[in-house]
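The data below hold one chain only, encoded as structure tokens and taken in the form predicted alone.
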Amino acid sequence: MKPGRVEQSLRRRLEAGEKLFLLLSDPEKPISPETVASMVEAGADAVLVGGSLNITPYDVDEYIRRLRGAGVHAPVIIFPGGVSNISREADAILFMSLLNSLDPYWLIGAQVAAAPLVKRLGLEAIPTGYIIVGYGGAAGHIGRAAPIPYETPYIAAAYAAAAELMGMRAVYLEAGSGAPRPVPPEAVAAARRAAEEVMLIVGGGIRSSETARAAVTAGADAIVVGTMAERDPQRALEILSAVKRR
């Protein structure tokens, strides 16, 4: 399967030397559409939409329609916490496998259930290896992950290499929503060296411009900010600016 329109547009920006800022919003506790629109206007490259609990397809559909109504024209990409997150209103989906889950459902079961729906709705799929590091948060708990310890970046590198060799075009290193610590730069750098061709996404616990810059300097292609944008939109805009200044 070749990259689709959304993935191609993101990769063109990377090839031009840019770094990507991805805004994450959970429909259960959503960022206001007006705030999302202002961040897209400021340079956010795409909006990730999804959550782990208490989400129905109706919630996701309705929230994406509200985003469009507020003038959000950036790609909307489903960041699935389960099959219930899939929406015909989105432009693409991170078709993820939680690689360090102890539960086969999150490795392949959910993907088997989702695949016919993704095909039926014509959603662009971006094959993604999802890797929980350290804290993990709700995603780690729901996904029954064995989080990679902060102090073992070589394990993150091994997972990233495995994802690349299995044909995944993106790797998402996740510390968890609201994590007390972000993914260490050492783990980002190790994953980058191990999987040079993937789009390397890093999220969780990014609360400052310095943290974001450390991740992109270590090799991240894209930074994900969610909780900070929900709690302090101005701080999130500062992080966006820091990512885009590089």
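The first residue of the shown sequence is 1; numbering continues from there. Fair warning: this is a prediction, and the values are worked out from it, not measured in the lab.
Missing here is the form predicted together with SN-glycerol-1-phosphate; even so, the following discussion is about that form.
*Asks:* Name the stretch, out of 158 to 166, 171 to 179, 143 to 151, 105 to 113, where some heavy atom lies within 4.5 Å of SN-glycerol-1-phosphate in the predicted bound form.
*Replies:* Of the options given, it is 171 to 179.
*Asks:* Is residue 237 near SN-glycerol-1-phosphate? Define near as a heavy atom within 4.5 Å, in the predicted bound form.
*Replies:* Heavy-atom contact with SN-glycerol-1-phosphate at 4.5 Å: absent for residue 237.
*Asks:* Quick one: is residue 225 in contact with SN-glycerol-1-phosphate in the predicted bound form, heavy atoms, 4.5 Å cut-off?
*Replies:* Because a heavy atom of residue 225 falls inside 4.5 Å of SN-glycerol-1-phosphate in the predicted bound form, the answer is yes.
*Asks:* Answer with yes or no whether residue 24 is in contact with SN-glycerol-1-phosphate in the predicted bound form, where contact means some heavy atom within 4.5 Å.
*Replies:* Because a heavy atom of residue 24 falls inside 4.5 Å of SN-glycerol-1-phosphate in the predicted bound form, the answer is yes.
*Asks:* So in the predicted bound form, does residue 185 come within 4.5 Å of SN-glycerol-1-phosphate, heavy atom to heavy atom?
*Replies:* Because no heavy atom of residue 185 falls inside 4.5 Å of SN-glycerol-1-phosphate in the predicted bound form, the answer is no.
*Asks:* Where, within 66 to 88, is there a heavy atom within 4.5 Å of SN-glycerol-1-phosphate in the predicted bound form? Residue list please.
*Replies:* Going through 66 to 88 in order - heavy atoms within 4.5 Å of SN-glycerol-1-phosphate in the predicted bound form - there is one hit, 79.
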